[in-house]
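Heads up, the chain below is alone and in the form predicted alone; it's given as structure tokens.
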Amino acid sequence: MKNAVLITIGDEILSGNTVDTNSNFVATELKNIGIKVSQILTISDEIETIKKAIDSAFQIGDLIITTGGLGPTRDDKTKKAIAEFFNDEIALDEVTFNHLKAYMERRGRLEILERNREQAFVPTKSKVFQNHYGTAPCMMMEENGKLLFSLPGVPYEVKPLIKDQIVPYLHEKFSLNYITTRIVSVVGIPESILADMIEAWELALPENLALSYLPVGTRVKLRLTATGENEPFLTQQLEEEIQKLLPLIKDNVIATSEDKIEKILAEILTERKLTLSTAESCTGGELTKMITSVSGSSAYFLGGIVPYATEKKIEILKVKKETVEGFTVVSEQVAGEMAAGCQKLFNTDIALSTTGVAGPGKGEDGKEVGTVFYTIRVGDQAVNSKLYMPHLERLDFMHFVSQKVIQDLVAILISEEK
């Protein structure tokens, strides 16, 4: 198996002002073609620092991918560091310049072409992968069978360069094995107990199959990965092993293909032609965001509302004032009336509601931070639930609750089929 080292270049990452999402994406894409990431480094944009990092990375990896540090000015240190490390010179590449010119022309920005001319200067020994979504190209250097790819740092430029150009290039160059993955989503069984239940099955797996346990909230994703030269065979092999697994935990399995819970929900709602709406308070639209992140969600999601203020719950969702006064706004009763009002407002088969205290301060009714009530209403049947998670920070709380609500809805809909 080939080993890779990822290097993120930029003081903005080290300062904490910018989050490095590139490394996560690149590592995942490399894993999918059988390349293991051995190390991820974040370094400052200084020539000597970059050269030392490259030297260190080549000691442990066959492949280095750097992101960031490429710019349109002459003080671009990353490009200089790479050229110095490989004893090379930087010169204008006409193909890259013509690509840059065409890119600027398509966007009506030819007036700044000369200002970005430096982007077309690359090490003379480099192989250039043109950037179709930005001005800085990707440069590849090769020495003694080892490769270095230098990419820009903007995520929407990194992703297509990796997926559309670099990964296919690596797959062909190294004649890599195929890697096929299936996800089995399990609910209602703690990870340790689940491991005991399927131990005999796991121990009997073929050598080219690997199993990983990936807890996500209260769900456990069993990721089964097959590696080999024949892709159709691997697909068949995974299906056969999953069929052996299902009898052991069938009542707790909510999906055997899709990874994300919102995509699992999408498949069910689309297949059954059910419609959905949301009324969110403490989750602040996160639940709706997750649902609508799936392509085609307009086929089943009719709308959502965030009646954050208590009076808006009463005014728009017709929550009874007496209910709020009698049970407080963060209560099972209010969540239930929010769902009923939402279902009527949007005229949907299903309605979801949340009300709680995301923090950092207590709610207006004195409820503790981390308290949440949510209702799942399917037809005229409502299921009310409560969670208490004071340890989660505000944004983590909102995301966890949204995940759990969708997971519970999936479980309810699946149970109706059995």
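Residue positions are given as counts along the sequence shown, with the first one as 1. Everything numeric here is computed off the predicted structure, so don't read it as measured data. Rigid core here is just the name for the largest C-alpha set that superposes within 1.5 Å across the two forms.
There is also a form predicted together with another copy of the chain; it is not shown, and the following applies to it.
- The three residues Ser192, Glu202 and Glu393 all sit with a heavy atom within 4.5 Å of another copy of the chain in the model of the complex.
- Another copy of the chain in the model of the complex is not approached by Lys80, whose heavy atoms all lie more than 4.5 angstroms from it.
- Among residues of the shown chain, Phe233 is not one whose heavy atoms approach another copy of the chain to within 4.5 Å in the model of the complex.
- Taking the partner from the other structure, another copy of the chain in the model of the complex has a heavy atom within 4.5 Å of a heavy atom of Gly303.
- Taking the partner from elsewhere, Gly285 is found to have a heavy atom lying within 4.5 Å of another copy of the chain in the model of the complex.
- When another copy of the chain is considered in the model of the complex, only one residue from Ile47, Leu387, Val378, Ala27 comes within 4.5 Å through any heavy atom, namely Ala27.
- When you look in the model of the complex, the only residue of Val167, Val253, Val128, Ile316 with a non-hydrogen atom within 4.5 Å of another copy of the chain is Ile316.
- Residues within 4.5 angstroms of another copy of the chain in the model of the complex, judged by any non-hydrogen atom, belong to 33-41 and to none of the other stretches in 61-69, 369-377, 33-41, 349-357.
- Taking a 4.5 Å heavy atom cutoff to another copy of the chain in the model of the complex, the contacting residues in 137-176 are Tyr156, Lys159, Lys163.
- With the core held fixed, the Cα of Glu118 is displaced between this form and the one not shown by 2 Å or more.
- A displacement of 2 angstroms or greater separates the C-alpha positions of Gln39 between this form and the one not shown, with the rigid core held in common.
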